[in-house]
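Heads up, the chain below is alone and in the form predicted alone; it's given as structure tokens.
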Amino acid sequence: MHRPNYPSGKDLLSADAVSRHDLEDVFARADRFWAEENAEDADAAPLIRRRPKVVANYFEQRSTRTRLGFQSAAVRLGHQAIDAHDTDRSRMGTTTGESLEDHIRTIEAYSDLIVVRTHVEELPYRISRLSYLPIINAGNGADEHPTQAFVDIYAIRVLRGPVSGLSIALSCDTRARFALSFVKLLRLTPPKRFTLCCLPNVSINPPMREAMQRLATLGTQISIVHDVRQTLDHDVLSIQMQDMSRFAHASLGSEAVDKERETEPFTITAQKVLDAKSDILILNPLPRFTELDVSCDTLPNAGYFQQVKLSTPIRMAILDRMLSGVPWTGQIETLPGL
């Protein structure tokens, strides 16, 4: 029998969990942490933190930025991060090992929050029902990646300004988990224009189509194009590969990654940006494959490495909020002003 998922709103499993109030609260906390990290007075006394807590990273899927992001965020807050899943050392899942239920209850005894990254879409939801601890979905198969969406929107806000006044383009596989969470979160601060750049004659993932339709009901002008050049008149372009299924085996843990090149209409290069005389801000959740040419790295338009830096205060803000017991209120659709 499952223990109750208590308290309500304890988990961040989907961008659906986030309200406008939640979004602004996270950004306000991130602004404060970002200002602290960049304070000119290096000798200033650090902000006093509460008693250190333990963040358990349950990462059964390979990760660089998300894993290091949560580890560094915990440390910068004065907390500790531990590895709660190690295929070489953990006994869970082995023939002489323990069940997921026992493993999670063990992690629960040692920690205060669990961050889950997995190729199994149902796993974060299952863990959230097993544990009283707050759970963060750090990417689950082709479902969602809500903290990456926070990072992306915060990067736009810092590097280009309020999202509500911008035109935003997204070029990627519509099944990409970062993309779905990103478009879902845009509902809280709808841009004036949103363009999806995707493969022709390929059905748009139904959850993505639903998220775009919701943006349209909020007054955002929606367009679909099939060449990245058609996005260069926008304020922001977030770009990744068009067919992520090529890399599915890598997401399952294989070392081999097919480096087949992206087709030309979906590759951004410095020459394309210069020819269009575009000042578009280019973002990429990384890792990049061949959709983002290295020639773009020296352009003033390149924002993707700054995007990585801005992920630290965002993840600090999310951890700070959840470790303080502040619930997510996005599922309460009827609350006024959210």
Ligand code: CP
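We number the residues from 1 along the sequence you see. The structure presented is a predicted model; accordingly, all values stated were derived computationally and were not measured.
Although it is not shown, the form predicted together with ligand CP is what the next lines describe.
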Q: Check whether L286 has any heavy atom within 4.5 Å of a heavy atom of ligand CP in the predicted bound form, and answer yes or no.
A: yes
Q. Is there any non-hydrogen atom of T64 lying within 4.5 Å of ligand CP in the predicted bound form?
A. yes
Q) Can any non-hydrogen atom of S181 be found within 4.5 angstroms of ligand CP in the predicted bound form? A) no
Q) Heavy atom to heavy atom, is H79 within 4.5 Å of ligand CP in the predicted bound form? A) no
Q) Which single stretch, out of 141-149, 167-175, 195-203, 230-238, brings residue heavy atoms within 4.5 Å of ligand CP in the predicted bound form? A) 141-149
